[in-house]
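One chain follows as structure tokens, the form predicted alone.
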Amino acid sequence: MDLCSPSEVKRLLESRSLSPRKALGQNFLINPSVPLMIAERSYEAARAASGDAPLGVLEIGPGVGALTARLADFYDLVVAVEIDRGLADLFTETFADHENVELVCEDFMKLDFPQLISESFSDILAAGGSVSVCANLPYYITSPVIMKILDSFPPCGRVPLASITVMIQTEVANRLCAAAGSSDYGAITAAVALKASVRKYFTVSPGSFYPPPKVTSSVIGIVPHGGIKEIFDGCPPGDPECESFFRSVTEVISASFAQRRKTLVNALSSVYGKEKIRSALSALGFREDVRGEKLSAADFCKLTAELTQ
């Protein structure tokens, strides 16, 4: 069964009176090279982080299973989460003979993510293995899914995932990969950088999907690092203090980009007062008229430490 064949995908959907649901952002991959490249990138990142240990992967929104089939070639266990009951039934039938593929028919955004990982991959984890995430994400929910994954664990330690490989809208990919000071850099860039590094792998044209979306897609890799303690050595050592500091950093980032064209002195003035902000910026070597888009995640940590002393 060719799950990337347009005619086969249409036949499978029609066999159960299904069609792509725009409300759920369903665009199915029909270019066979794309799911293979995504699976390869995901596996390479997972293997680099985990050595020879067993590997599991959580796939979000498998659709008809084009990416699932490739992931199953690389990983010891694939657990797919599908919200659409009709697609879930089709998926179960399609992968009935795959012993290393399991399905959870739920809304990923409503699941307890750490519990899902610990229960679904208990054997992998017990054997000293690792878990990754891989997905062709619906555009309308890209950022919420990524932040849910990263925010589901305590903020001051490493997110316990080997890698996160996702296909998203290119515009969002550019934002997540942007360097401080660039036009694409924003609050989500800095927020993600507090917990992980991000890189773009490759772009995917609209013609690789059925139905074709109106925008270009990109595949990115998100690799968790040691968390806020890794990028800022001045982080409070105790977990409660560290978590409190992390919340302060995220609040500073959010306020700094709430009105992008405002300087930090003005953007943060309602919380810390202009003179205190000027003093903190001066201590860090920043000009008084600097805006949030110029500060890296580590810079925001340093600024927060100065403001909360």
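In this text, residue numbers run from 1 along the sequence as written. Here the structure is a predicted model, which is why all the values come from computation and not from measurement.
The protein also exists as the form predicted together with a small molecule; that form is not presented, and the subsequent description refers to it.
Name the stretch: of 249-257, 268-276, 40-48, 55-63, exactly one has residues whose heavy atoms fall within 4.5 Å of the small molecule in the predicted bound form.
Answer to the contact question: 55-63.
Can you pick the one in 219, 172, 83, 116 that has a heavy atom within 4.5 Å of the small molecule in the predicted bound form?
After the contact test, the surviving option is 83.
Of the residues 137, 204, 235, 194, which one places a heavy atom within 4.5 Å of the small molecule in the predicted bound form?
Looking at 137, 204, 235, 194 one by one, just 137 meets the 4.5 Å heavy-atom criterion.
Any of the heavy atoms of residue 184 lying within 4.5 Å of the small molecule in the predicted bound form?
Heavy-atom contact with the small molecule at 4.5 Å: absent for residue 184.
Quick one: is residue 151 in contact with the small molecule in the predicted bound form, heavy atoms, 4.5 Å cut-off?
Flag for residue 151 set to no.
Look up in the predicted bound form whether residue 106 has a non-hydrogen atom within 4.5 angstroms of the small molecule, and give yes or no.
Residue 106: contacts the small molecule in the predicted bound form.
Answer yes if any heavy atom of residue 87 is within 4.5 Å of a heavy atom of the small molecule in the predicted bound form; otherwise answer no.
Within the cut-off, so yes.
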